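One chain is shown next in C-alpha cells, namely the form predicted alone.
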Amino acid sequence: MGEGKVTVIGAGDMGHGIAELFAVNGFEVTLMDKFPGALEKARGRVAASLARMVERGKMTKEQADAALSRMKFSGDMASSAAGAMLVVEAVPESEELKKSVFRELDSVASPDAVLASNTSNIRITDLAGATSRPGRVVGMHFFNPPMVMKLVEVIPGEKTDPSAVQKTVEACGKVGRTAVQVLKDSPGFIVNRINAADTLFFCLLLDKGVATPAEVDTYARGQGLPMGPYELLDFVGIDIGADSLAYFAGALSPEYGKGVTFAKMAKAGQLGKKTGKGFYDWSSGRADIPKVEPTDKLSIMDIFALEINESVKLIEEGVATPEDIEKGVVLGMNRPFGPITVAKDLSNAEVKSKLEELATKFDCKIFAPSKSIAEGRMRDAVEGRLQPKSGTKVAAPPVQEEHTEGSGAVRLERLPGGVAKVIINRPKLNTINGQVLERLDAIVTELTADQSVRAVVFTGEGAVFCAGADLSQFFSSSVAFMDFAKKGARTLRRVSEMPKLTIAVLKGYALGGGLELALSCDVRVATEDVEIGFPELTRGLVPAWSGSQRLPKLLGISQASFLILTSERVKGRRAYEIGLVNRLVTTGDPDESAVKYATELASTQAPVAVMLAKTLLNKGSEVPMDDGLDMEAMAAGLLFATDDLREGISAFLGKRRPEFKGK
C-alpha cells in the first residue's frame, strides 16, 4: 500500500529520478510533462534503472515491478495534481518557467498540498509569489542523481508555514534522504552558494589565462578528486555553470558576472558532454583530456579558503548552521569532509591572507574575507558562537532527532555482571577518526573511575570490528597528521593501561588502526573468517598507533615483520594458530560470546590483582629483569594485605566461587 500520492512536474534528468525514488519507497507517483516524448524517455530510463538495481541485487524483480506499477505518466496538469499530498516541480532552471508552473498548480492542486520546487538556486519566496498560497510553497532541492545522492535541502520562503517545512522533512525521511533545512531563503541556499564561488574562480582562471583546463584538472586529480573542475563542468553542462553565474550576478552580487569564458562557450554551443565538445572532446563517450603536467599556479588552499569564506557568510547571514553546512557539502558534493572541518584545522590568519591574495589577483570582491574572518572571528563562526547579523529573520527548524558524532560514533553500554561494552558505531567499516579517538579517551577515563566495571568488551557495530583509521579526514599539514598519529597512540596506550580486563571482538575486518586497538586489549576473540592485517605499507604509511611496537612483542620479530612488511591478511583461524588471537568463535554471535566470557572473567578474577598484573605485563618488558622482579615482589606484598586475597584463599579452600570486592 502506498504512502500517499506524490506528483512530479517535469520528466527530465531530475524529475524522472525524483519520481522513481518516491515510487521505490512506496508512494503512488504521477510524473507529468507536457511533452509526450519526454514522458516516453523517462519511462524507459526508470525501467532501465530498476532493472540495474535488480541485476545488482539491491531489489527483487517483484519489488521493481511493484515500484513501476506505482508510477503513472501524464501530460495533463490538473488530473496529475489532483489529490496529491506533495507536488514537486522539477522543470528546467528558469525562473519564469517555474513561476508559470506554480501559477497553474495554484489553480488545480489541493488546498492543503505542499508545493515544492526542486530549484537549485532560485529564491523560494520569489516562486511562492506566483501563487495565492505562499504558506504551502517550499524548496525541496534534490541532488543529481536523486536515486544515489542522499541530501535534500529543504528551504522555507519568507511566508512558508512551518507545517509545510515539517511535512517536507518527513517526506525526505520516508524516502531515505537526509534533510538539511536552510534557515533563511537565500539564492543558492547552502551547497550551490558555496559552489558558486568555486565556479566563478574556475571561470576567472581561464579568463586570465592562469592555467589550461587540462593542467588544472591534472592537478585536481593529483589531490585525490575523481574529476577535475572542468571535466565536471563538461559532464553537467557548461551552460549550467554559465546560467548559475548569471543568476547570482542578478540575485546576489554583480561580481559574479565578472567571469566571461563560460558564457562565451555556452553561446557558441560548446556545452560539454551533451554537445560532444566543451573543454574536452567527448566523442568517445568520455573526456579526452590531454596529458600535461599539473599546474603550479593553483593550490588546494585556494579552494578551501573560498569555501570557508562562503560558509562563514552563510552563518553570518543566518542562512544555515555550521553543522548543516558541513553535512550539506559532504552529502551534496560527495566529499569526505566539508569546509567547517577544514576551517577548524586552519588559523584565521592563513585563511584571511589567502582570501586577500585571491581578491587582489582576480580583482573580485566575492573573494575578499567575510566580516568575521576580517575581524579574526572565523573560529567563532564555524564553532557556532556567532550570532546572525541584527535584523536577520530565520525560520525555526523543525524538531528532528539529535545526533552528535562524537558520542554517537562510539557507544558505551553497561551490562550486568560488571561488564561494559564499547561499540564503534561508524558503519559500514567502523573506521576511526578524531571524534572516535576523543570519545574512546573519554570512555577510558569514565570506566577507569567506575569500580563496578571489571571487564570491558571492545567491538564494532554490525559485522565489522574496525577497518582502521579514517584517512579521508582533512589534515592541513604533515604536522597535523603526525599529531593525529600521536593522539591515536596515546589513546590506545590508555586502553592498554586500563585497570580492567579488556577483550576485543575481531569480526569482519580488523585492519590497521583497528588491529592496533585490538592489540591494546588483553584478550582477542575472533571469528574464523575475520580478515586481520596491516595494510599501511600499501597506502604509503606505517602502523602509527603502536602496531610496530606491540606486534613484535606479541609474536616475535619474524612473524611481525612478515605481517607488516608484506601487508598480508590472515583469517581468524590462522591468527589463532600463531598466537595473535586467543579464542575462536566458530558459531553464534561473536559479541554475545565475548560478553559471556567477559562476565565469567569479571566474576573469577580479583580486580586489584588484575590491575597490578597488567602493570607488570605492560611495564615489565620496558625495564631490566631485576627491576621487573622487584616490581613483582612489591605487587605481591600489596596484594597480601587485600580482602580479595583472603576471599580468594577462603573460596579455594571451601571449593566455592569467590566474591571479590576489589578491596
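Computed from a predicted structure; not experimentally measured. The first residue of the shown sequence is 1; numbering continues from there.
Missing here is the form predicted in complex with a small molecule; even so, the following discussion is about that form.
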With the distance limit set at 4.5 angstroms and only heavy atoms considered, check whether 9, 13 and 91 all reach the small molecule in the predicted bound form. yes
Counting only non-hydrogen atoms, the one stretch of 577 to 585, 137 to 145, 278 to 286, 488 to 496 within 4.5 angstroms of the small molecule in the predicted bound form is 137 to 145
Within 4.5 Å, heavy atoms only: does residue 120 come near the small molecule in the predicted bound form? yes
Residue 101 within 4.5 Å of the small molecule in the predicted bound form, heavy atoms: yes
Non-hydrogen atom contact residue 68 with the small molecule in the predicted bound form at 4.5 angstroms: no
Does residue 34 reach the small molecule in the predicted bound form if we count a contact as any heavy atom within 4.5 Å? yes
Interface check vs the small molecule in the predicted bound form: of 631, 51, 38, 611, the one with a heavy atom inside 4.5 Å is 38
Given that the small molecule is left out here, which of 482, 565, 97, 349 has a heavy atom within 4.5 Å of it in the predicted bound form? 97
